[in-house]
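Next up is one chain by itself, shown in structure tokens, the form predicted on its own.
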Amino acid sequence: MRRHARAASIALLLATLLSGCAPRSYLVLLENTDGSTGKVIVEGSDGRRQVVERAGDGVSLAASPAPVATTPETLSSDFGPAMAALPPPPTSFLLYFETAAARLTPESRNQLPRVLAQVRSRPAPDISIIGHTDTVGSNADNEALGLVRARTVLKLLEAAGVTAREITVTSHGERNLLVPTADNTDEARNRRVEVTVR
């Protein structure tokens, strides 16, 4: 049996249940944290296909896959413990910087307690810190400045006592602009560090 996944991210639940003497396995498509869904195509050994693309729909994983009716009650019964064990979704923060500098704006400095609270709310946090710049200056200088900004945020978190299972610090420089601009454009919203806590 082949399963094809066609989406940037797909949330699925899989269950194997005992029904009489034979196990019955099926999957259910869930919404992503942003409310979107992907698509799953299940192809059985007999060549039959079932497409699942609506949240809450299920399909059997039998030799001849077929739709499986689900209700909130059956999902809770079959997947309750698995759903309860799902980690909370990632949370991202944008912290902005002063022009051509690695100093946080006062408003962004005031956001740090919220970042710290999110980190401390997770038993094994995984933190990604990505530095960005506007398009003023050379690509090489902006790559370096983005890294300095990211490291500045790292130092602030460490000074507040943050320990994480994993922390990655990188720079995108003037790549991945939040607000598309021409070269040599001073755009405050592009001078940022994105912190994602998982």
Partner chain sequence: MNLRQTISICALCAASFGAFAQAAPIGYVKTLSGDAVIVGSSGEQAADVGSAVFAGDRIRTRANGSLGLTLKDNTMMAIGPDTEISVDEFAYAPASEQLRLGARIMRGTLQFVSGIIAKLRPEAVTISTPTATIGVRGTRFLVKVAE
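None of these values were measured; they are calculated from a predicted model. Positions refer to the first chain, counted from 1.
If you look for the form predicted in complex with the partner chain, you will not find it shown, but the lines that follow are about it.
The closest heavy atom approach of residue 63 to the partner chain in the predicted bound form falls within 4.5 Å. When the partner chain is considered in the predicted bound form, residue 163 lies well away from it, no heavy atom lying within 4.5 Å. Put simply, residue 117 is far from the partner chain in the predicted bound form: not one heavy atom of it is within 4.5 Å.
Mapping the unseen interface onto this chain, residue 83 counts among the residues with a heavy atom inside 4.5 Å of the partner chain in the predicted bound form. Contact with the partner chain in the predicted bound form, defined as a heavy atom within 4.5 Å, holds for exactly one of 68, 147, 30, 136, namely 30. Between the partner chain and the residues 72, 113, 106, 87, the one pair within 4.5 Å by heavy atoms in the predicted bound form involves 87.
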